[in-house]
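What follows is one chain in structure tokens, specifically the form predicted on its own.
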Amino acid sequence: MTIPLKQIDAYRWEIPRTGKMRVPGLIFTDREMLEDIQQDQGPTQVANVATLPGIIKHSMAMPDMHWGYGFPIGGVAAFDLDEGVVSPGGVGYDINCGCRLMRTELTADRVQPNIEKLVTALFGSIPSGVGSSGSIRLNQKEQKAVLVKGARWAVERSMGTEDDLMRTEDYGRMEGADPGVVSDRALVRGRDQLGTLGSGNHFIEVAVTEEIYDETAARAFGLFTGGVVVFIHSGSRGLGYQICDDFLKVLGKVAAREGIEIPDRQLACAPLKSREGRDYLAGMACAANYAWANRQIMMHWTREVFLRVFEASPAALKMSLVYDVCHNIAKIERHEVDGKTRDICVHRKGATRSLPAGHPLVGEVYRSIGQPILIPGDMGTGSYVLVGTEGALKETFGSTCHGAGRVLSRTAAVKAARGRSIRNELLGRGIFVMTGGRDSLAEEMPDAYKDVDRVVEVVHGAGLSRKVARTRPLGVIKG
């Protein structure tokens, strides 16, 4: 099925409202990347989301979009609280998969000669790979405390500071979490995975800041040219996956019961005001809090490794959190819609919040600058730090892209990598890589992803976020 697209400007393409669509679709991209986007069912999924009850304004997709479960990855959609729905497909299986960035006073000339030693130490300290388990074992009481407290649970156990919480989206804790709606199966899956990286596109990346675009914002974020930073990209592990899977079954039945016509069973949903819809949000919040605790713990261990490898004091290293952002979440937020301020439910799946200076949801530490936005690329090129804008608040409910976005499926990537040594190719670029999975390097090779520079140029040009800095990888751990 070919979806008609109408070009609005250099960065915006509209899917006109047809059939049972309640609103138009809106895709942010440029003409060159549009060709890749049209190779899969992503645009069809944008149109399908536009048929859901209570959707507001547009069904949207960012330039890193590609086919996903129900919603496209890169999808953004907001729903009225009275007439609208919540859909697990609009959040994804890896609830609160997100990215965390740390800055240091170290420079590349000191880290590059030690990169193999550093990455090896990180790999030995932070479990990675499919089904990986960590050293933290939770009893039922402690696990439920994690689901409610989020990153604060780790901070209370000396694995971080109050300052870390101030630099984390929602201060590392989502309100409304209720462990009572989480299945025993989900609890079991999450019991020994706290402090683990996981598999797939999850990673820890040691990088150097190569270019600064906005000196004021970069200074506020603690970034400087030549400075070494660390990205941590992970989520809610098996617990989040199971919570999503459990509620997809429940909400599929609710959609049928309520007479909600969905064009794809993967768009299972429930009215936001229904008990099942509220239960999903409460379970999703549990997974989100687990993910924040998970990244907080990994950051603490990462800091310890750096201190050990470089035999430096915390004061000398000045290794601190820049920010932590969600990529997969649904949130009740206050936005202006048709000239009126109201609470709505914003789904961001493979999309990042983008809030401007002065917004009350931006923590005080960055309120005068705007919210930091972290855009990881592939492990062979670079990543970006952006800052939120008024344009995103007005047009996309405060949303922007979240990464480079795939152009090859994992199966296609493995096939394309046959006969090649991705590890040696990366080493030839000066990037030392270790992995916890047999096929991880092939599945996640740079060729499997879009050009992150182009993706960022689209959101920068469209006014959805503003470029602050670009980084280049020195060493990577892939899940």
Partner chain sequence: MTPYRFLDHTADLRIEVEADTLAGLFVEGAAALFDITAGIESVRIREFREVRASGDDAGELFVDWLRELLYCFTGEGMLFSRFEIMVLSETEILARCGGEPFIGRRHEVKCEIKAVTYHGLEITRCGEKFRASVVFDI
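Bear in mind the structure is a predicted one, so any value in this text is a computation, not a measurement. Residue numbers count along the first chain shown, from 1.
Not pictured, yet referred to below: the form predicted together with its partner chain.
The stretch among 141-149, 281-289, 91-99, 389-397 whose residues place heavy atoms within 4.5 Å of its partner chain in the predicted complex is 91-99. Interface residue remark: Ser199 is counted as part of the site for its partner chain in the predicted complex, having a heavy atom within 4.5 Å.
At a distance threshold of 4.5 angstroms between non-hydrogen atoms, Ser421 is out of contact with its partner chain in the predicted complex. Residue contact with its partner chain in the predicted complex: Asp214 places no heavy atom within 4.5 Å of it. The closest heavy atom approach of Leu248 to its partner chain in the predicted complex falls within 4.5 Å.
In terms of contact with its partner chain in the predicted complex, the residue from Lys117, Arg219, Arg308, Lys253 that brings a heavy atom within 4.5 Å is Lys253. Among Gln242, Thr104, Thr302, Thr209, the residue placing a heavy atom within 4.5 Å of its partner chain in the predicted complex is Gln242.
The partner is not shown here, but in the predicted complex the stretch 53-84 reaches within 4.5 angstroms of its partner chain through a heavy atom at His66, Trp67, Gly68, Tyr69, Gly70.
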